[in-house]
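In the form predicted alone, a lone chain appears below as structure tokens.
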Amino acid sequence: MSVLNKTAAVIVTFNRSGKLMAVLDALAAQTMRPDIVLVVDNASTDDTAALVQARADADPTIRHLRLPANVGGAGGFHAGIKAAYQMGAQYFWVSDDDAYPRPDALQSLHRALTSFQADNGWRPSFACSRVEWIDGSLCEMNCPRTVWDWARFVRPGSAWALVDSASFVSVMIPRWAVSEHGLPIADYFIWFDDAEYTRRIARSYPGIFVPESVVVHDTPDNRGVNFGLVDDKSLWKFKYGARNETSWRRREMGLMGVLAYAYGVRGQMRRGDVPSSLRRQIYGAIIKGLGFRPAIERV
């Protein structure tokens, strides 16, 4: 691949070496193999480091970026994109350690990005895949958000809808978007970092959903983010999500945006019959988000 198309795959991992190895196998089988496969290791305590190093010894495209502590998915994607940018990557394929791309997934995203710009004169800020769950259904947590005129450029053979928000599960981002809009917010730690980032870079121009690019997300179940599902086990993640989205809404929409969000969360928790003790903690996270204003780091 030429310097102008230099592509880095950025995968953030933590203690899931088995699934990570399956991701590396899938990347090795790509019809357009990435020039760099950067494994961002959130200080895993299993055998991740040894397995990745063994792969890197046999394949020079694989790099192991081991972080000194677990900084969450947000911190990992921040560090990984920053490192890949410094390596000169022109495209960043970003994904979790439990999502397996089909052999032509990366090539399809790259082709869509370049073809869309050549055919329509607009440069998409990202391209995202169709994310399927293990049974072939759409993965609910990874459905991108369309813009109002999403179908403007949909054509036979290039049914690429315009979207302004996507998850960090098989999304390809061009270098110019990182140069102009900076890096994901590391301080989010987990949840809403991908939505914030793709919405931020989509200010220049929306991204595109590329249905012919398919990945399989190997999660325990197929559930979207709904505050009616909060329980003792998942509470910590929902608290991060509530704090982070509140912070973003305060920044982008002001207090009215936060109030609308809090009202929606309240409705979801009531319909889900979430215990009052858990509801109070979610409301506490929303209040915390009002004063949470993390900085955006530029490259």
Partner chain sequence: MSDLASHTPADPALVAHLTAGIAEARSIYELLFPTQQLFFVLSQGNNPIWAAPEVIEGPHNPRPQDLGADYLGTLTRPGAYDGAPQVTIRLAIPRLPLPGEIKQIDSPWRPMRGLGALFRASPLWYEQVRYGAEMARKRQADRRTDQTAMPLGDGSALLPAPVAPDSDKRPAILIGMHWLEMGGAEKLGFDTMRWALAAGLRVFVVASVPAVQRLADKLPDHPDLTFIRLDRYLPHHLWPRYVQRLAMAENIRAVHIHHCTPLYESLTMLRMHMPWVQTIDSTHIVEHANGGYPRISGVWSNYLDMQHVISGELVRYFRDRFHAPAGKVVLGRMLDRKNNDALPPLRLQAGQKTLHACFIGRLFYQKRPVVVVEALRALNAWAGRNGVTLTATIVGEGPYDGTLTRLLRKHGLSSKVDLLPGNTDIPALLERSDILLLPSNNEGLALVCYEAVAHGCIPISTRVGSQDEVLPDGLLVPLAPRAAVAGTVAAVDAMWRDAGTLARHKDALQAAWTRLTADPTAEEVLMPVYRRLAQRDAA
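Numbering follows the first chain given and starts at 1. Everything quoted here is computed from the prediction, not taken from an experiment.
Keep in mind that the form predicted in complex with its partner chain is missing from the display, and what follows is about it.
Visitor: Which residue, R33, H64, R266, K237, has a heavy atom that falls within 4.5 Å of its partner chain in the predicted bound form?
Guide: None of the others qualify; the residue that does is R33.
Visitor: Have a look at A28, A43, A260, A56 for me and say which one sits with a heavy atom within 4.5 Å of its partner chain in the predicted bound form.
Guide: Exactly one residue meets the criterion: A28.
Visitor: Tell me the stretch among 194-202, 136-144, 176-184, 68-76 that has any heavy atom within 4.5 angstroms of its partner chain in the predicted bound form.
Guide: This holds for exactly one stretch, 176-184.
Visitor: Is it the case that R123, even though its partner is missing from this view, gets within 4.5 Å of its partner chain in the predicted bound form, heavy atoms only?
Guide: Close contact exists here: in the predicted bound form, R123 approaches its partner chain to within 4.5 Å, heavy atoms only.
Visitor: With a 4.5 Å heavy atom cut-off, would you call G88 a contact of its partner chain in the predicted bound form?
Guide: Contact check for G88: yes, within 4.5 Å of its partner chain in the predicted bound form.
Visitor: With the partner left out of view, is N222 within 4.5 angstroms of its partner chain in the predicted bound form by any non-hydrogen atom?
Guide: No, N222 sits far enough from its partner chain in the predicted bound form that none of its heavy atoms falls within 4.5 Å.
Visitor: Can you work out whether A295 and its partner chain are in contact in the predicted bound form, taking contact to mean some heavy atom pair no more than 4.5 Å apart?
Guide: Contact with its partner chain, no.
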